[in-house]
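Quick heads-up: it's one chain on its own, the form predicted alone, in C-alpha cells.
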C-alpha cells in the first residue's frame, strides 16, 4: 500500500486538478501502473501562484525570525527520518533506484533540512566601512515566490535540495516534480504541512512539464525559477524568462571525466569506477562516464574494471542485495540502447554489456556497459547518455588528459586518480568543472551539505547546497545612512 495522497497540494490542502484529469505513473521494475496522479494544468498553476503570492506578501512566513523558520525545518527533518522506510519504498517503486540508495538519499534529505534549519539564522548581511559620519550595510531578503522544477533521477533528494534553502530564506515555493516520479514530492508536501509550514508556502503540482514550464517562465507573479533537468529544457526556460528578467538557477547535464594516472592505485580506481559510472543505473549528471586512463596501464585498468562491473548485481531494486536497478522508463531504455549502437557503428568496441542482462523478468533493465577503442569526437564520448554506459580512452601525457577532459560542452564533475599530490592539484586547477574529487568519486551530495554543487559551461547557473544555496533565494539590499548633522 503506497499511502500517498496523489492530489495536488495547493494553499495547504490536497485538491483535485480543476480539469479532473489524472495521469499514470509506472513501476520501472515491472512496467505496471503504480498510481494515478492528479494532472496539474494552467488553472491549477494560477491557484498555486495566487496562494504562494498571498503567503509571501501577506503571510507570516517571510516575517518570522529565521530561527523560528528553522524550527519548522527541523520538524520536517524529524518526520522525514521517522518515515525513512516508507519514503524509500515509494522512491524505489516509482523511480527504480535500489532500496539501499533510496534509504541513503532519504536520510540525506533529512540532513538537508537539518542543515538549513541551523543555517536560517546564520546567513548575514555585512557592514561596509565609509567613515565616521556614514553607515552602510546590506540586508539579505527572501526573493519571493519560487517555482522549483525537479528531475526524475533523484526525486526526493532534489526536491529537498531546492525546497529546504528556499523555505529557510523565507520564500514561498511551488514545487513541480517530474511526471515520471511525482510521488515522493507529494509526500514531502504532506510532511511540510504536518510540520507546520503555513498555508500557501509549499505547494506541489505534478503535471506535464511542457505545459506548466512555459507559463512558469513567463508568469509575472513568480520571482524565480530553480530548475534541474535536461539542458535543452533549461535553455528554453532561460529564453522564455528573459523578458521578465526573472531570477533563474539551472542544474543541467554532465559528461563527467574520470582521469586515472599510471601511479594511481589501479585496483581501487577500477572498483570505484563501477559505482562512479553505473550508480543509479548511470542516471546521474555526475556519473563518471568518460574514463581517461594513462596508456601504459590502460589494458590492466580495463580488465579490472570489466571484472568488477560483471560482479555488479543488477536486479529487483527492492532486494537489499541489488546494486543497480532498472532505468526509469522504456523510452530511456531505448535511448541508451540506441547510443550503444551508435558507439559501435562509430568504431567503439564492446567489452561487456550492451543490452538487457540475462535472467531478469520484464522491466527497464540494461546491463553495465563498457566501450573501448573510442576517440573524443564520438557521440558516445561527447553526449550525455544518462544510462549505464562508460567509455574508456587512453592518454599519453597530463596535458593530453586535461585537454580531452575539457573538450566537452559540459563541466559539472570530475575525478582524478594519482598518488602524486602536486600532479593532482595541477589537474584540479586545469579542469573546467565545478567540482573535482581526488582519488574518489565522492561529492557534496554524498559526504556532506557544506560545499557548493554546480558546474561550468552548459552544466548550469548557480550553486546548490551549503550557504551558497541561500544566495540563490535571497536579494541583497544596500542601506546607506547619513549620520552627520
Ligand code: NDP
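These figures come from a predicted structure and were not determined experimentally. Numbering follows the first chain given and starts at 1.
We do not show the form predicted together with the ligand, though everything after this point is about it.
- Taken together, the three residues 210, 252 and 335 all come within 4.5 Å of the ligand in the predicted complex, as judged by their closest heavy atom.
- Taking non-hydrogen atoms only, residue 177 approaches the ligand to within 4.5 angstroms in the predicted complex.
- Proximity of residue 384 to the ligand in the predicted complex: non-hydrogen atoms within 4.5 Å are present.
- Using a 4.5 angstroms threshold between heavy atoms, residue 322 stays clear of the ligand in the predicted complex.
- Using a 4.5 angstroms threshold between heavy atoms, residue 327 stays clear of the ligand in the predicted complex.
- Contact annotation: of the candidates 376, 100, 406, 233, the single residue with a non-hydrogen atom within 4.5 angstroms of the ligand in the predicted complex is 233.
- When you look in the predicted complex, the only residue of 192, 170, 229, 368 with a non-hydrogen atom within 4.5 Å of the ligand is 229.
- Checking 397 to 405, 196 to 204, 258 to 266, 152 to 160 against the ligand in the predicted complex, the stretch whose residues place heavy atoms within 4.5 Å of it is 152 to 160.
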